[in-house]
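Single chain ahead, by itself, as structure tokens, in the form predicted on its own.
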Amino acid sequence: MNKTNTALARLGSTGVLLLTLAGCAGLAPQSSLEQVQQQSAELTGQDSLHWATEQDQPPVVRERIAELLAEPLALESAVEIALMNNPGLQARLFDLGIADAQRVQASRLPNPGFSIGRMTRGSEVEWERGLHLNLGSLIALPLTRRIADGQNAQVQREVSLSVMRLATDTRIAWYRAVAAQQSLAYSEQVLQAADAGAEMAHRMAAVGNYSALQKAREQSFYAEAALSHLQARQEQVASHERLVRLLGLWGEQTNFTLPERLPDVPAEPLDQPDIEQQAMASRLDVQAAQQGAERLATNLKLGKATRFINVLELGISNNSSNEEPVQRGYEITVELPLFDWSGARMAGNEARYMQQLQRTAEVAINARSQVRESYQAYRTAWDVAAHYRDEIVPLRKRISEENMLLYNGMFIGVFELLADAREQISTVNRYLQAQSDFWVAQSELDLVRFGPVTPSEANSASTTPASPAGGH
């Protein structure tokens, strides 16, 4: 009885030890989602991030989208819809669930193995039972868990950057859609003016008051205006559909309206002399590269720890016979490094680590350059838009007012007045494009403080995934 109690006590102690090593890690994808929300909130401006974990869209989401689309779609409303409804983002969010599952899996104890055999010798029947546990995986469990935690954190940063990039792309698409809508309205005014000029030239030429050259010139203006109108309409359709795709809309939802005009360019540009230092502290790609280097360092340490003992198993045996006493014992299985001393595996791990250090330096250098370039593009875009606003547009307006006075005094004719109207509308249209370019530059500057503007820039210096330390 005492032996039985002692065995049970030892078994209980062993179970407690194993559970302690395994930890209490459980699936927590919502915790990863909250981390992504926290990292991306400054740029997106959204208090919550919706993750569609069910196949059907919840009624509260459908109602919110319908509510936002009922009015002319504001900029931040478009961002809110995109973050709730973009299928690509929803698919990207499931990377959080995958990474979290891998994290938990890396924290699990290796399953023990059980074997049983029956052997006979004459009238003797012998039963062999064995229980085996991979001690090598058990010893490496803390390091393996650290590697999986690092991979999970890296996925969170990558998903956060995807969220911020979607918000930025949505803002840019909204600016361009509104600008294209305004440009189409201005092109219609130009077309009407050109049509009036061509019709009047035709009538005056019919009664001999206009030369063939003058008539052809007005007809050429009209033909070019008609072509520009077609191009403006196509641009309006293309920019609208681009916004529709980012919002994840279809059917009647695509018939939403936009505000009539872009926001005004601010009176003064942002003065950020220390933006480079701020960006280096908040760039997620730089943090991910540093984390990748740390993860490979851990992987290298794990490889060194299991260099000569790649297979280590503990087994407990229990053999019983109908003629002999029960045999109990244990066995340890060790892989003998006779042919493979893991030198090649270690050299590969060291090369991956050094490679990652160089890529981390590349990411940091590229990040600094991208921030400087984006800020310069932002300042240039503001200078151009402000020059149109403060100089060119007022001058064109003054010229039009003077021409109207000359026309009222009968010093110029109607054709000169129509030509001036076309030129004024063209100037306003160029100012509109400058406004759009400024807001696009503003959006890209906001994003570049957290990561590269385009995914290709991020992939050019992507981190190398950590290879398993225990493989051949």
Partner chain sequence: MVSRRDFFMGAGAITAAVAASSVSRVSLAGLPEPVIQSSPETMAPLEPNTGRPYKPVVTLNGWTLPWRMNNGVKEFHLVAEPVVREMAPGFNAHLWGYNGQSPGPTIEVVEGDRVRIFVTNKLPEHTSIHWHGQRLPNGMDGVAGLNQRAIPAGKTYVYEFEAKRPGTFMYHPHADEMVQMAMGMMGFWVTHPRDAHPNIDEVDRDYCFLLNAYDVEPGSYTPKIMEMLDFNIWTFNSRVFPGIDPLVARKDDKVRIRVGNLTMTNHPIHLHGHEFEVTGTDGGPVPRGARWPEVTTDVAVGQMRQIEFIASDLGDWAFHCHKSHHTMNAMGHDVPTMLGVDHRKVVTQINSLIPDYMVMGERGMADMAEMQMPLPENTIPMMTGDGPFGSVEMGGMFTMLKVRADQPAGDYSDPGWYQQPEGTQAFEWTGPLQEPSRFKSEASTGKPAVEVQVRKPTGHSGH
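Residue numbers count along the first chain shown, from 1. No experiment lies behind these values; they were computed from the predicted model shown.
From this point on, the text means the form predicted in complex with its partner chain, which you will not see here.
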item: Three-residue site 196, 200 and 413 fully in contact with its partner chain in the predicted complex at 4.5 Å by heavy atom; value: yes
item: Touches its partner chain in the predicted complex: residue 65 (any heavy atom, 4.5 Å); value: no
item: Residue contact check: residue 428 to its partner chain in the predicted complex, 4.5 Å heavy atom; value: no
item: Heavy atom of residue 106 within 4.5 Å of its partner chain in the predicted complex; value: no
item: Its partner chain contact in the predicted complex: residue 209, any heavy atom under 4.5 Å; value: yes
item: The single option of 421, 441, 43, 49 touching its partner chain in the predicted complex, heavy atom within 4.5 Å; value: 421
item: Position in contact with its partner chain when the complex is considered in the predicted complex, options 231, 278, 254, 192, heavy atoms within 4.5 Å; value: 192
item: Interface stretch in the predicted complex with its partner chain - options 290-298, 233-241, 397-405, 261-269, non-hydrogen atom within 4.5 Å; value: 397-405
